[in-house]
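The chain below stands alone, shown as structure tokens; this is the form predicted alone.
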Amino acid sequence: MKKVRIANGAGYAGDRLDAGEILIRNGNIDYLTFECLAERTIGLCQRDKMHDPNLGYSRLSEERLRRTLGPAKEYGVKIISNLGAANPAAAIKLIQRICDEQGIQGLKLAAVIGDNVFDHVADYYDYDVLEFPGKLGDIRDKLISGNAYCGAEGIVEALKNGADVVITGRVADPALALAPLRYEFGWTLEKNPHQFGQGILAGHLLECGPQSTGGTYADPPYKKALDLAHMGFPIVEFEESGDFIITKPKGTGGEVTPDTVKEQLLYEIHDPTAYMTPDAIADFSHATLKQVGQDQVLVVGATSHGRPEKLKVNLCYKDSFTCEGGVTYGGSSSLQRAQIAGEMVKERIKIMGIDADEVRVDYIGFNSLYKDKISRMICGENMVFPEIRLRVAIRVKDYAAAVKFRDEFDSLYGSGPFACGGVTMAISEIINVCSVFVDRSIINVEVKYWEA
């Protein structure tokens, strides 16, 4: 019986760079995906593209591809990735350059485009925004990107036309895995709702990389950590029936158990009976996990119920600036001195006339995660710490106000309590995200081809 093995070598743009090559050489895989887009990534990439039209793909793409294009050609593995972000065509040019430098020949390259709707964003100004009250037009002057979450259809077309490497912009994360399954097995939503649900579940289990294989799982003494330095990234092995096993390359770190897989299964799932994707409305409510071997978990029971009539459009906009200052206090009275400094900085913000939309003061080591009440319950009455790091962050509308706060924070060296060190300041422009829903009929997916 035919089986298809799909692996994912990145769960986000900054994930480990050696995972893909290990999967190709040791995973006996047919397809390698890289999932490189979080919600803000396209906005950040669009900002890069504004400065240089040859950029716009996700960061670390060049190193990731340098490590995998040669081995993929050698082992006959096809690569599918959304690392194209705001500029899939530029990513294709990057691949051609790498192939020329490494002497790689005979690859057909495809770019899936059509998700970028920013040129028509004015058509959506009257649409309701999902994340906050109001219309999209309320932030029209701040918008920098708009991309629809597309499904697997463009990738399927590219594979049918012989593409060895398929680069996309904003497609739904599970589509990276569903597409080769549709291509290999000929599934359609009308005839194979069960298989579509299973394919989307597999894509969901793969999309965050090592989270299914023990990443973010360790919590001694309750949950053990197994060689995280050599973490194995996930592989799914599919049968045409839709049943699949999730595993990882032999000899790699981490583990694959129902517990590790379950944590990823529940990640970012609002309604397990109606997980909305462009390809189908998946239903995970009857999915079951069973250990069938070492680092092998059988997954069955997902299905789907039609598909949404609307597609989600991810929009990024310039929201504000943050400035963060940090300083460390040492000794038995470190918390008390950090608190004095924190109150002093808040007062100085008022004195200097800095118009801050938000001010946050944390005492890292005491309350930065749980705030005061829970932190005091954990610490008990003693409240003595060997060191505390004061963190003060403000959010402001303009860069000049952020600079003003940065310069003021630096004065802690001379004006604050004694025994401090390691003062740092950093200013960041905040790219925020929001969403609207559009009729899928207005999104036109296209595939373009090149050779390497």
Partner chain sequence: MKLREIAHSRGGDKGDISNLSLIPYNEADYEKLKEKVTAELVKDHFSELCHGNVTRYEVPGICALNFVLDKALGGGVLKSLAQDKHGKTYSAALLEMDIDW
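Since the structure is predicted, the reported quantities are computational estimates derived from the model, not experimental observations. Positions refer to the first chain, counted from 1. Between two forms, the rigid core is the largest collection of C-alphas that superpose within 1.5 Å.
Just so you know, the form predicted in complex with the partner chain exists too; it's not on screen, but the next bit is about it.
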Looking at Asp259, Asp128, Asp243, Asp100, which has any heavy atom no more than 4.5 Å from the partner chain in the predicted complex? Asp259
Looking at Met352, Leu369, Val292, Leu228, which has any heavy atom no more than 4.5 Å from the partner chain in the predicted complex? Leu369
Counting any heavy atom within 4.5 Å as contact, can you tell me which stretch out of 341-349, 218-226, 106-114, 67-75 lines the partner chain in the predicted complex? 218-226
Should Ser334 be classed as touching the partner chain in the predicted complex when contacts are defined as heavy atoms within 4.5 Å? no
At the 4.5 Å heavy atom threshold, is Ile431 in contact with the partner chain in the predicted complex? yes
Should Leu266 be classed as touching the partner chain in the predicted complex when contacts are defined as heavy atoms within 4.5 Å? yes
Contact with the partner chain in the predicted complex for Arg40, defined as at least one heavy atom pair within 4.5 Å: yes or no? yes
What are the residues of 274-289, in order along the chain, with a heavy atom within 4.5 Å of the partner chain in the predicted complex? Phe284, Ser285, His286, Ala287, Thr288, Leu289
When the two forms are laid on each other by their rigid core, does Gly380 show a Cα shift of 2 Å or more between the shown form and the other one? yes
